[in-house]
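First, one chain by itself: the form predicted alone, in structure tokens.
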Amino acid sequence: MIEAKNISKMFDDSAALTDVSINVKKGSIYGLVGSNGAGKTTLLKILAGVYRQDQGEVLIDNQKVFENIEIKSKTVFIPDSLYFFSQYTVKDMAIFYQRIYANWNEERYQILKNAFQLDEHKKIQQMSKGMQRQAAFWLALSITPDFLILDEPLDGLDPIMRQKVRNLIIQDTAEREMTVLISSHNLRELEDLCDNIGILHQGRLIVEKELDDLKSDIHKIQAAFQGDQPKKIFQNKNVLYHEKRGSVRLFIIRGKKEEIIQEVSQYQPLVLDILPLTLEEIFIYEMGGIGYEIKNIVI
């Protein structure tokens, strides 16, 4: 289990994180999303023990993380900007990791060679961005980590390789109960992977829920009414967004599905549909509810 309790982090006079608490359950995949500059990478680096938090506590397996060799030997962090020793090949990096990670699995390394089909004797820095990302996953999964922390992990991979990497992550989570924390702007991919979602904005965690609960708590309603529109519905504080499309009203509302249907039904709508929401739509409307709207960021 990964726990962050009331984490705060300053850089000069700027607050990167303020009082952030998250919980990533053992054997789960947690998706971290947020606006640009929200503090996602800073949080990941604190959880991986790269940065030390200014306030709060970070625990993995109930142990403090920073400068904890035992915990770091079971944790792999793949950053957005990859780093490898300048003249090293994949094989050189494998030998290096084998010396420092007790859980290095040489058999797994050889099996994954067939999955990634990279030349292990080629210098990594001479590879394309996507091939470097493949090398990072090949090495990381050969370590057989208990905890995998990923920042924009699938960036640069082609669709086939993205699916292959997703499958490998899911397989290790299911078979070894590996715990995974992923930060990504690709919400469609997180929707396929994650059990839980946390949303960061301006250094603060504004939402943390299981994905199914998040989807069951916000709904897209499409309704048409005869005569005057029932304005009372759209003045509800739980309405995150609404618009008129001809004679049809579309609104996004937070709450229990049954209660929403009951409230709208009392106005005898001619049409009433509950439409599915994607994680991307939920993110947009949640952020709109706190003032970070499309109209404010599109010129």
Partner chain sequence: MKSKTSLFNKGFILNDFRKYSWVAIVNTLALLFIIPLQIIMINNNDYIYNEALKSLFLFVNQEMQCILILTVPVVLAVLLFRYLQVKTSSDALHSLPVKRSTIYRSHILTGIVLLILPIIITGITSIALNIFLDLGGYYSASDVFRWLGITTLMSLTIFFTCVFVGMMVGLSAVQGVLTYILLLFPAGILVLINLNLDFFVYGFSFNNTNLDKLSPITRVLQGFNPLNERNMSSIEIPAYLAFCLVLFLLADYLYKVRNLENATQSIAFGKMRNVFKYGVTFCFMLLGGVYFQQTQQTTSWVIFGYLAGSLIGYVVAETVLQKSLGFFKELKSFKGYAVFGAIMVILMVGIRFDLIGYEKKLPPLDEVQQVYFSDSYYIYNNNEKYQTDSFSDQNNIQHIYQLHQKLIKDKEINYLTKGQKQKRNAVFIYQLSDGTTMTRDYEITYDEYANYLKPIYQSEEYKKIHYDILEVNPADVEKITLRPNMSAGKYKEAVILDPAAIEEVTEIMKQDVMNKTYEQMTEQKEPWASVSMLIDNNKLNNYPKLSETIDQPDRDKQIHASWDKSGYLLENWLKEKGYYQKARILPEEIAYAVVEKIKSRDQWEEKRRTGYKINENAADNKFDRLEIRDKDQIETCLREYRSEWLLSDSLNHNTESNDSYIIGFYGRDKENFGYGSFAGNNVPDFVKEHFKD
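Positions refer to the first chain, counted from 1. All values reported here derive from a predicted model rather than from experimental measurement.
Beyond the structure shown, there is the form predicted in complex with the partner chain, which is absent from this document and is the topic of what follows.
Checking 64, 257, 242, 52 for any heavy atom within 4.5 Å of the partner chain in the predicted bound form turns up a single hit: 52. Distance criterion of 4.5 Å from any heavy atom to the partner chain in the predicted bound form singles out 101 from the list 225, 116, 101, 109. Proximity to the partner chain in the predicted bound form, taken as heavy atoms within 4.5 Å, picks out 84-92 from the listed stretches 157-165, 84-92, 193-201, 176-184. Every residue in the set 45, 72 and 96 has a non-hydrogen atom no more than 4.5 Å from the partner chain in the predicted bound form.
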